[in-house]
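As a starting point, one isolated chain is supplied in structure tokens, in the form predicted on its own.
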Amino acid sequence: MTRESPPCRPQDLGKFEIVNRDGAARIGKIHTNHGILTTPALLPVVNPNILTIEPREMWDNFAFKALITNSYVIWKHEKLRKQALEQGVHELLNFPGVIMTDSGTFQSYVYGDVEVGIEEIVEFQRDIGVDIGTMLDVFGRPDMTREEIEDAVDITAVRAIASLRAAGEKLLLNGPIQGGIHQDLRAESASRMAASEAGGKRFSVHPIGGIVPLMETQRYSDLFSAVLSSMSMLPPDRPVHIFGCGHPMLFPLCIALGADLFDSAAYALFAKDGRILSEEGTHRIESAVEWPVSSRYLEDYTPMEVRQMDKKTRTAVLARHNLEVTQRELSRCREAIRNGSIWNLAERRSHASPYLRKAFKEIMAIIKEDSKSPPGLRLSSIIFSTDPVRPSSEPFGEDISERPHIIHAGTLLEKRWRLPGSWWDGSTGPPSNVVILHGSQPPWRTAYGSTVSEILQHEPKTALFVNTPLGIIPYSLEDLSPWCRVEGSDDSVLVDPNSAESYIRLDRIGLQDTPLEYRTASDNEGMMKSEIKTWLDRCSTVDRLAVLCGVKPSDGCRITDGMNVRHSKTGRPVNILLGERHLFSPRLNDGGLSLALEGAKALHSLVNVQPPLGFSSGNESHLRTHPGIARVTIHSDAVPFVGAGRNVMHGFVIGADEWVTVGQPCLIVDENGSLVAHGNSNSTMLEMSVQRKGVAVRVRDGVLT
């Protein structure tokens, strides 16, 4: 067989690189001896004794770059074992890509026991040239007692060391997570397996095992509880594999929660049973007149013609359809990660099944309750690893307020926004009245500009807010995503400014007794006074620095004192200047703020504490109000390159502030705290502490350029 999938670089073997992300969902690269596998990916299960679709066809016609087979089945079959040992598993299956193998654990679940030893099965996988093998763990069935599950977790963890020793240098090894439906045992198993080490070797992938019975009985609530609990204690530099999950309907939510790999024989088993997969469920062909879902493998036949085929031919046709649908949904998921809509896709798919919808709603309830359970901790990490600002539109729906990036944006707004310290006419003190603008669609600066001018000329000390479907927001942030990007909402519905649904609550900022007025857009097209416009531009800049960068409003006011603004033809600020120095650029596509080098220097001048020279073990970054702009400290070897404008790569980060926010500005400093560059973070602090490949910070400017 011609080698068509060259090995990765020796120094990259086993590394997992994150290329794109949307919160916990990520497009990654696993570096193996038979190529670099892009995730999220499904590995079709291939039984070497029963080949419904040839592995080579999966590679050539379906673009599957990896598959999974069972090493125990090969080991037990004398002819297959001999051929695999002599020629290698890739020749045995005629597949040039990545081959993962299971160890016989599932067979022990089905048949009660296996005959192979713990080290023996790992050594066999190593000797036949497997890329990613699996240790022989203990399958924890949902119907087991807690004591039996505890034993499964303990025995699996004990076997881990011997299995890692037996793997050798080149075999990457799966470290399965057990624990049944017990959240605490799932978290314990994940913690122990993640920490397992033998001679410097650790597990490369962590499959979540023991969940096939949950999927078979559509116990999706228990399934996702197990997934979230397991992920709560897994390091972010290792891919997570959902063992036995192969239905396209489940992919979006699993991926949104952090899954990277899937495997299943469903494509063949369902086809054998006369069923076809779709993104929204499963369909039997026995009474179909037309196809409920399309693929190139069905378009030449009617359902009746397929039913009239002999069973082998019919199974192959349906299996090819199932593989195509599977790949299509995974492509859709990867594209959703790229454009920031994976959670929206998961929402839509949740309506495909009442059991899946119930599970989705329970996840939403955990988010809302801020639970400290393992699933709650995992969901919290998902929320605060999500870029709160994105340029894409925000489709309105019943689940909108529980979307992770919206929760993150709202939390930052709630904790960091402050009332102005002074007003456009130079007066100080608390506002005299509150006005909530409502009834118009974005862009709100255009819709409400004349009204705002009238209000502020009449009473300069007015606190201005805009009514949105997500609650009220300060008028100074009227063009900030996600609030200005909601589509399909009814803006005539007024949100109670003191309700729990509103991130800015008047009673929390001491305005509950201040006179309140609701205003709609004015037909008056009078010009806004330059003093008011200048004051609004400055408020907008200071508030963005506070909310997105954690800068104290007083510090923001100090560095913007005397600022001037260059506006676009439509009157929107595009450059914030101080004399001839370009400080910041408000982004027109999402309302965020980009730093210029002079702005980074100004923010750096506000920092008077030592740079981070390590990584905090805490996870309370979202609780901080104005900690200052986050800093990332890099190794001295990287300073010349980053200072010249190169990206900060994982492996060269030696410390980071825990409140560093994915997608938002940060400063890059050396070990002495001197400014080296600035950019937008591509990772959380935890990811920077463990990742060894990929981009940690996307640099905008280096001080040496």
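For clarity, every value in this text was computed on a predicted model and none was experimentally measured. A residue's number is simply how far along the shown sequence it sits, counting from 1.
Another form exists, predicted in complex with ligand GUN; not displayed. Remarks below refer to it.
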| item | value |
| --- | --- |
| Contact test, all of 613, 657 and 687, partner ligand GUN in the predicted bound form, heavy atom 4.5 Å | no |
| One residue of 229, 163, 125, 178 in contact with ligand GUN, assessed in the predicted bound form (non-hydrogen atom, 4.5 angstroms) | 178 |
| Residue among 267, 220, 243, 448 with a heavy atom within 4.5 Å of ligand GUN in the predicted bound form | 243 |
| Per-stretch contact check against ligand GUN in the predicted bound form, the hit in 130 to 138, 461 to 469, 399 to 407, 357 to 365 (non-hydrogen atom, 4.5 angstroms) | 130 to 138 |
| Residue 212, heavy atom within 4.5 angstroms of ligand GUN in the predicted bound form | yes |
| Contact label in the predicted bound form: residue 103 to ligand GUN, heavy atom within 4.5 Å | yes |
